[in-house]
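We begin with a single chain expressed as structure tokens, specifically the form predicted alone.
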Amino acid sequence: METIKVQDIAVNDLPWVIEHHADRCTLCGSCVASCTFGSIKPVVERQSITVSQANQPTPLHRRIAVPIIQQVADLAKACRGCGMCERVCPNQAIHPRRNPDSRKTLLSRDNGPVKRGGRTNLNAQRTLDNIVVGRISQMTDPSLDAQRHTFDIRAPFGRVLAANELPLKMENGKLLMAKKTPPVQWIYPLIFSDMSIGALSTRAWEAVALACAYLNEKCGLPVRMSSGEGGMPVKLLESEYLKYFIIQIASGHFGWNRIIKAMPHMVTDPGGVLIKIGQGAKPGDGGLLQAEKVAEHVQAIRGVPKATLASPPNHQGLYSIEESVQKMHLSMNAAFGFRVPVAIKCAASATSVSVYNNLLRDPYKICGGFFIDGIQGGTGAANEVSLDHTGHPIVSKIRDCYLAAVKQGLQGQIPLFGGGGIGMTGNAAADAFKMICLGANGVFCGKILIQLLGCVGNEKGRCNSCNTGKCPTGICTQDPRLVKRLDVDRGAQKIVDYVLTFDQELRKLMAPIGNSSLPVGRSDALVSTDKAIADKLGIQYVC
């Protein structure tokens, strides 16, 4: 027998333990085939039993070989608790169980850095959960009928000029425009956040894009989708559906060579351009696409070899927000003939208000939006230490930026969009409504979309292996065998159904306070059950 050392990894050291009931198992092999991490394997176990089958006690000692499913005691092949084995088992003979005695975090320090992937537990208590809609219009200010009233649920995307800045002139008794104004689009206040082709599988990205197009074409909801860093398919760039997409240029500049080459062949302008400076899930760390996920189509779109791709945490050629305005905003506006709104995305931080103030004072009037990403954003592709300890909650930063603009009389000129944990508890409409009342013009969300597609990851550490390329649901992988598990049409339909429900619920929240348009900045409609939150956000405290 092989010598066992105390430093050896045992199954009980792992965060998930596989429980297998051999008496129910038919040895069909479905569980082993479905496990993308190689956490289980079929083995033959030697058992020694004593039985008596005669009329009187005649014990017989026998040794038999029993085939069983065994868990692999290996950190690299540790079970993530996705439960795919349990789903495919016809007899409920196997299932993962969370192990409270896990030592994996300590042991993994001897085997390299802490893994990428996982969710924060330290920031699970959300500010939005302590805020409720407290102003209900009744006799003095009648409320609206959520079912029969007409609501105007639209948000501006683009620089909105003040009345005294509009280039108007009178000629022959007619009011004419003296020069062009910055481009402004009126969009739905829910944006599908940036998730790239590469981070998502082709089918997952296609499902989100299909849902976006369907909502615009068939449902009349002008939802926009951000492409994420890494470019877009040429056929989409050269199609009329490009008008529903916000092309993102991030710090890695991946895929922009193909976008530039496609510009002469574009039949329509994109919905916008988003310059990503930083993101809330891993500020100062940047994105990382493992080589395992850089498939041939990803290599073609991004123009890179099969290698691990790191996006810097910031644009290396920019040293100030003023320089960003002069270099990137002007160049992107000029590239599309000043017809497309160009926005900027930053991680929420203590300096968010300073950045927003500088954008408001921009003499060129070309910044079309300010996207702020909070600490609770992101999926399972960020470092655990970043998710737990780096970033800033989004609610207070949206409020601070809005109040800073109000003090200068510039509110509404550069639309504010907030993201990071929107819909984390399942109700994105309530979260969006509260954010809008605190000063946002709209919200963007990404994780809830992949949950609708079938993601099994959660904030308790279940699965969260988006970076490994072994996603068991086919959402965050490029493995052709795993990608086939995702049904594109069904996934798109679930997203469409959720957004339509989102729209109905948003109306049901706008009606009681008497608003038929977005209640941007109507903080009087909100109350808080937490005194510190009420004082910070400037809303009423109730108990």
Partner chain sequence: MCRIGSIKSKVPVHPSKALHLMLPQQEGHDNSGFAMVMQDLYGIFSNYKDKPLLSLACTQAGAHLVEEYMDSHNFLQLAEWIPVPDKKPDLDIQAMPYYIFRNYDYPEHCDSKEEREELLLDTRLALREILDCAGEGYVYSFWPDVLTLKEIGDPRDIATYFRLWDDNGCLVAKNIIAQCRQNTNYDIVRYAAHPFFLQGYTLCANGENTFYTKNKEFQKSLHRGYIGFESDSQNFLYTLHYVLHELKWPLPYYKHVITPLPFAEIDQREDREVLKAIRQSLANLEINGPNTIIAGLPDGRMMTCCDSKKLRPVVLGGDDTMVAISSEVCGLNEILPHRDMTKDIYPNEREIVVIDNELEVKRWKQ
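The structure presented is a predicted model; accordingly, all values stated were derived computationally and were not measured. Positions refer to the first chain, counted from 1.
Below: the form predicted together with the partner chain, not depicted.
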### Query
Taking heavy atoms only, is residue 15 within 4.5 angstroms of the partner chain in the predicted bound form?
no
### Residue contact check: residue 176 to the partner chain in the predicted bound form, 4.5 Å heavy atom
yes
### Task
Could you confirm whether residue 126 comes within 4.5 Å of the partner chain in the predicted bound form, counting heavy atoms only?
no
### Task
Would you check, heavy atoms only and a 4.5 Å threshold, whether residue 522 touches the partner chain in the predicted bound form?
yes
### Heavy atom distance at most 4.5 Å to the partner chain in the predicted bound form, all of 135, 150 and 154
yes
### Summary
Answer key, the partner chain contact in the predicted bound form at 4.5 Å (heavy atoms) among 141, 323, 296, 74: the residue is 141
### Query
the partner chain isn't shown here, but in the predicted bound form which of 26, 52, 501, 516 has a heavy atom within 4.5 Å of it?
516
### Summary
Only one of 467-475, 81-89, 154-162, 264-272 has residues with a heavy atom within 4.5 Å of the partner chain in the predicted bound form, and that stretch is 154-162
### Query
If you look in the predicted bound form, which residues in 182-212 sit within 4.5 Å of the partner chain (heavy atoms)?
184, 186
